[in-house]
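First, one chain by itself in structure tokens, the form predicted on its own.
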Amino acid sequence: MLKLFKSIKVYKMQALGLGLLRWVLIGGICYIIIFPVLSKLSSSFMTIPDIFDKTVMWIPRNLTLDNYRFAFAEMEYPQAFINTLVLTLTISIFQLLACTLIGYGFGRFNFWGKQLFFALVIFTLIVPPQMIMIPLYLNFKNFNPLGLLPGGGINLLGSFWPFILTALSGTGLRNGLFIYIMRQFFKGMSRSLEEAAYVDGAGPLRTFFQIMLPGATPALIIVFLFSFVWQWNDYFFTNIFMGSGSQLLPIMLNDLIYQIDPSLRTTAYASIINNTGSLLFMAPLLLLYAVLQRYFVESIERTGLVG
């Protein structure tokens, strides 16, 4: 009886030690992730004297909203926010449609060259975007599919069409990953669902839309949220396709520092203004995550991405 009591006590001590270690690791990881955001938030309320005051660490002596007023005005935030939201929602929906259809084809059908084509899809994940920057730019500057348009083609740069065409063709930003997620999810679904639908007289399209698609809700949520966040944060392709003068948040944030007085651009004040603009840029994403956190976590678990 005494040995049993000692073994239980040792087990509880081990469990307590493992629990404490787990909380220390989680706390350390959270600190690494949250610290930059808290640092930006603290500095966004500082004035110029606070920057050079060595006694000021986190809480400014003179709280001010002037940095937010300046960034809000110079970024033309309302119009830039609407433009970015329209672009991001449009491209996210188109990417979701295209990647779902492509992933379903890879996951449920057998055809010649299937493995080769899927290998090319995976290959797009490791190709640096800088390698295709010039071909993409020239392709949409003189867009002429199969040489059918007269006059050497049309210029699609400065519009949403480059994003739309790449999204619908499954070649947009991170589309290789989205196709892989949808393919793995559809591949893991039971064959009996399709067979029962075929027995009832349903064709491939009806089976996809009425039987398979409703069961793929977790994967659809994951792909849509990932697509939305990456498109919202994208500066590389946005700058290539839209140019530096477009009213989109990534472009306006990048140009914000040039709106500061030239004498202050190389000082810490420029960093404060940039931090303030970054917070305004991130605010919609943080709000989106706060609203959809439960659905996001549940979808991650059900799709098996954590494993």
Partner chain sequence: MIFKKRSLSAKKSWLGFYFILPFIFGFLFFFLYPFIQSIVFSMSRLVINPDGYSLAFVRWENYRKALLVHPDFLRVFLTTISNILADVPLIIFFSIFAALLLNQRFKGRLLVRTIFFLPVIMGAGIILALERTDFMTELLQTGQDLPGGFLSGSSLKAFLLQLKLPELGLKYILNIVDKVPIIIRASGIQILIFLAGLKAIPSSLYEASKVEGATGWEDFWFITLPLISPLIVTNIVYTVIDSFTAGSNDLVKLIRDTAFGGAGYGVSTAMANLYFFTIALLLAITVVISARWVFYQED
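Residue numbers count along the first chain shown, from 1. Since this is a predicted model, take the numbers as computed values, not measurements.
Separately, the form predicted together with the partner chain exists; it is not shown, and the next lines address it.
- Contact check for F140: a heavy atom falls within 4.5 Å of the partner chain in the predicted complex.
- Although the partner is absent here, I34 sits close enough that one of its heavy atoms falls within 4.5 Å of the partner chain in the predicted complex.
- Taking the partner from elsewhere, E194 is found to have a heavy atom lying within 4.5 Å of the partner chain in the predicted complex.
- Using a 4.5 angstroms limit between non-hydrogen atoms, L285 touches the partner chain in the predicted complex.
- Residue in contact with the partner chain in the predicted complex (any heavy atom within 4.5 Å), chosen from Y77, W230, F160, F224: W230.
- Checked against the partner chain in the predicted complex, the residues S246, Q259, N254, N67 give one hit for a heavy atom within 4.5 Å, which is N254.
- Of all the residues from 118 to 135, those having a non-hydrogen atom no more than 4.5 Å from the partner chain in the predicted complex are L120, V121, F123, T124, L125, I126, V127, P128, P129, Q130, M131, I132, M133, I134, P135.
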